[in-house]
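Presented below, as structure tokens, is a lone chain in the form predicted alone.
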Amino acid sequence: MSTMPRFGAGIWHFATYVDRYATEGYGDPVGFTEQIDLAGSVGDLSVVDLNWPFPGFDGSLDDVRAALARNGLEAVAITPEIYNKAFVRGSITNPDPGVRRHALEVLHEATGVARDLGCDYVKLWFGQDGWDYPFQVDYSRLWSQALDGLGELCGAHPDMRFVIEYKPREPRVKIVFPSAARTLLGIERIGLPNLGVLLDFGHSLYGQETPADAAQLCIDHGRLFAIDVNDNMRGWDDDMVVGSVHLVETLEFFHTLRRNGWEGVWQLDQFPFREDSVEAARAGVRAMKAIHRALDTLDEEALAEAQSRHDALAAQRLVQRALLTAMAGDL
């Protein structure tokens, strides 16, 4: 049995959610340090990804360190909020140069917090950077602004890694970094070694990619720095529990990571709107542990032989045998 990976979660997994229908929320408010305590109660998490600014929190960085320490957790990343009301027309591509400067100030500040907490990376999700209508933007100018802003940020902090979390849409109808391929094009154009990709499994599904193929593409370019894992129905970014819909594709995704010797954190990005957040996290980790066991027993030689013939049925039989056997012990 190979060594289990480290498991993590976005701290928002343990928050209370709202949408445009239940605007009052799906539960009682959960404070920031209480979210950390809930993450600690899962039992299998080693790290968490933290929003910046810390939501609804007026304590000190030492208070956050204390909350992490008492739960046996570390901060793996900081995700700066460059997608809220201040940036509804974009962050580093906003038409207002003052807003673009403000976005970079937030990003520089978040990088300092990440450095202070010993994080592995700063996660950049440009959810408001894009367009909604034909003729709304000058595509060349928007792309240049995105690359210029990223180049300035990453160039100013060569000791810190940055990751772009791509997504096809939402909240903008079209997001400037919508796919693995376009994101890699931008990263290669910038040309800095500390900028890579965070591949969100659900975003890849939602974008009609094959997540394993997208992961291989990013690995081949040396740019797969981090992953987030969840599931959806492929028509929206539902952020469901890992393996609840696309279990075989999830196994294929992690098989690609193992085959390439990728050793990062297996991190949850789930939104349990109506489910207990701790139990949802445990369910996601349980699925990932089963996948890890399945990868240990998968007959790689037979799989390689089946793949050499493009034999889908032979490959599926091998995968089903490994996966169903691995999961049986947890059911």
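Residue numbers run from 1 along the displayed sequence. This one's a predicted model, so the numbers in the text were calculated from it and none came from an experiment.
Unshown form predicted in complex with a further copy of the same chain; subsequent notes refer to it.
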Site test, 241, 274 and 283 vs a further copy of the same chain in the predicted complex, non-hydrogen atom cutoff 4.5 Å | yes
Examine residue 184 and determine whether its closest non-hydrogen atom to a further copy of the same chain in the predicted complex is within 4.5 angstroms.
-> yes
Is there a heavy atom of residue 40 no more than 4.5 Å from a heavy atom of a further copy of the same chain in the predicted complex?
-> no
With heavy atoms only and a cut-off of 4.5 Å, decide whether residue 209 touches a further copy of the same chain in the predicted complex.
-> yes
Residue 195: heavy atom within 4.5 Å of a further copy of the same chain in the predicted complex?
-> no
Though a further copy of the same chain is not shown, can you say which of 138, 109, 148, 116 has a heavy atom within 4.5 Å of it in the predicted complex?
-> 138
Which one of 226, 257, 251, 103 is close to a further copy of the same chain in the predicted complex, taking close to mean a heavy atom within 4.5 Å?
-> 251
May I ask you to list the residues of 172-200 that have any heavy atom within 4.5 angstroms of a further copy of the same chain in the predicted complex, in sequence order?
-> 172, 173, 174, 181, 182, 184, 185, 188, 189
